[in-house]
Ligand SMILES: Nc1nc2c(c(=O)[nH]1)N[C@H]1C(S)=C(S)[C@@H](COP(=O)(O)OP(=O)(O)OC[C@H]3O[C@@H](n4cnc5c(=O)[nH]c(N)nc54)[C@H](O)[C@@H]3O)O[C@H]1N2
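Okay, so here's just one chain, in structure tokens, the form predicted on its own.
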Amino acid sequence: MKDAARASGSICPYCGVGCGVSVAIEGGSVSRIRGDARHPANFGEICAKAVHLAPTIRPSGRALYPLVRERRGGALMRKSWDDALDYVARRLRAIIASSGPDAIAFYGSGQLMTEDYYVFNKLVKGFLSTNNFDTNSRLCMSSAVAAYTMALGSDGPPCAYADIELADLFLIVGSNTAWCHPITSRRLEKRKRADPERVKIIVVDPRRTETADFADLHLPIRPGTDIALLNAMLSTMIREGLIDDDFIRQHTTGWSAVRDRVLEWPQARAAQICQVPEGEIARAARWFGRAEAAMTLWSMGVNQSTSGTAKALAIINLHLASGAIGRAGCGPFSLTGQPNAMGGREVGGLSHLLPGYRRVEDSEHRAQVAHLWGVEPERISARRGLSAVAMFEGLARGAVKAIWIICTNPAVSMPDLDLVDRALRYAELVVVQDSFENTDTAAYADVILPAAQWPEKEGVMTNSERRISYLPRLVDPPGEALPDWEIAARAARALGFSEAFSFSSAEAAFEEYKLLTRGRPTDISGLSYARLRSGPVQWPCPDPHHPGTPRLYSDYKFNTQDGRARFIAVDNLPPAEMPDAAFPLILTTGRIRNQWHTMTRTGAAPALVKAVPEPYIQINSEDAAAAGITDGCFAEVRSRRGLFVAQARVTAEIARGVCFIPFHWGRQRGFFKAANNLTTRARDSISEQPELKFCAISVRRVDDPAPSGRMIVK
């Protein structure tokens, strides 16, 4: 088979844009990555992370064989797959027998393929009878999930990337799109250049990022004040007659409560809280209200907050009030951070969900899923499972005894790393299933299970615009690594559930999962591997002749009981931890351009590491002067939870009182290089997403590290 033919249909395994890639294979290995001009997510363009994928596939650092540590402090010993999974099954059965099924937990990832998610969810929720299966998507998109569900009746962004070419107003909130979703950013820039006078871009971000550089209006609000700004914008639109009364009357409920709430937010009040000029709030509101087609793009700056769900609801309120939803070029569009975070939500990959956007608390939903799985409905627990942070809290206090971690690195990515350290040390059993054996999390493992990674397995993923793409297996995995779905199926058989987990392929798992979407908002009954090999399709796609659905709610029928969208009144609430005399500054964390998540993959590409080899702290020039910090010197950063040390980047490009640190580094690369030493595990009461974008810190200058490794404070 020719290399080009082998490459067709694959997608990049990084962010939620879901770019199509062309993969050259030489000697059974990946040698070159190029963009796939046929894929509608990127039309051939790719970012530097995708260009440098080839080095990340090589065997160095890869998990090659099952390893078991039979006692704490002992060595990891190579085992056969049967022996390793029998050991895990024996330990899990013993814990369930003594402490019940909720004493075990599974923590997955938005990097898993849909089939991987499905088989694990079936095992955990249907056969082990616990809903303790959550993923790092809880840290990423759960606030957007909650807001879409509350306001529109179900999860799922209503827009498509194609709407970018049709919009004339972009409101970008809490997203450095240029760095985190660079291909989407390029589309935005092209749209602006195509019609520079008519198209307006507003960026809301406390930092002047590259995204803000191409905006017509940058609003550097104080972190945590998004709702004050959004409510004031809607208040201005009401006062100036820039709302769609007919749409509100015909297609929504709850307007009067929202109207009354936002009218309490005049521009002057919001300007004082947000620390931006009144006139700029008015300008943003008028541009939005007068736009023919307005899109809002948001990401972690909105979601990672104790009021993340409320912030997303405030965005949706703007769109419902102006009728900017369900039409070409319009809508509230959350940008996912992981390649299959969307697919994980569809398949039930959060602890309160079942496949097809069903909920574990709903008895009818449990019965529907149980029927297909061939178990009694009572086998599926009616209790919400533990969310991501709660799992680790449960481990730390002894309520949870075992955790199985799949394709993610929580010892770097979770907030409050001291908690994670305690949790993994206290756990009776830690199973780490990963493609790499040298991660921070793997250091805690009692069992390491080697997993195939992209492009060593086949399956499907769903990008941010609900577009499902097929990924072929292009090369063999190294050593004895297996696809994640197959590991789950083998584990299920070791646990005694052979008949229900007789999947012979990823396609068999996909075909079974597909049955659970029929008649649901996520209906993919019309899809198959054969069809997807010809090109990606956006759900819903209920029959083989259906073309897919680029845009939801084009008929203005929402997925609520009465078919109307719901306005939900929200108010500005302070973050969980405010600055004080001891910790006077605000820390926000985020990504840098050429790294991704915890550097497990991008850290293996020398060209990507070279650009930014070490973490840093970005600090406002006035705050730096007050602390005696100069550009390039080392700074010690403290929060109520821990310590971080790095070089300072002194700049006027970040609001006074605010600091920024990239989160990619873990303690393994240097104990005090981990940003999540500092962050808080406070979380949104609805979405349970942690507040990774806001905590109180102090900063002071230190000398360069002494030979002993100690820092000398000035």
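This is a predicted model, so every value here is computed, not measured. Numbers follow the displayed sequence, beginning with 1.
Although it is not shown, the form predicted in complex with the ligand is what the next lines describe.
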| item | value |
| --- | --- |
| Listed residue (Leu474, Ala489, Val173, Ile380) with a non-hydrogen atom within 4.5 angstroms of the ligand in the predicted bound form | Val173 |
| Heavy atom within 4.5 Å of the ligand in the predicted bound form - the one residue of Ser464, Gln433, Thr309, Asn132 that qualifies | Gln433 |
| One stretch from 496-504, 148-156, 418-426, 179-187 that, in the predicted bound form, holds residues within 4.5 Å of the ligand by heavy atom | 179-187 |
| Asp36, Ser469 and Arg551 all contacting the ligand in the predicted bound form, non-hydrogen atom within 4.5 Å | no |
| Non-hydrogen atom contact Cys695 with the ligand in the predicted bound form at 4.5 angstroms | no |
| Exercise: Leu76 in contact with the ligand in the predicted bound form, heavy atom 4.5 Å | no |
| Distance check, Ile238 to the ligand in the predicted bound form, heavy atom within 4.5 Å | no |
| Partner proximity in the predicted bound form: Leu166 to the ligand, non-hydrogen atom cutoff 4.5 Å | no |
| Members of 287-315 lying within 4.5 angstroms of the ligand, judged by heavy atom, in the predicted bound form | Ser299, Met300, Gly301, Gln304, Lys311 |
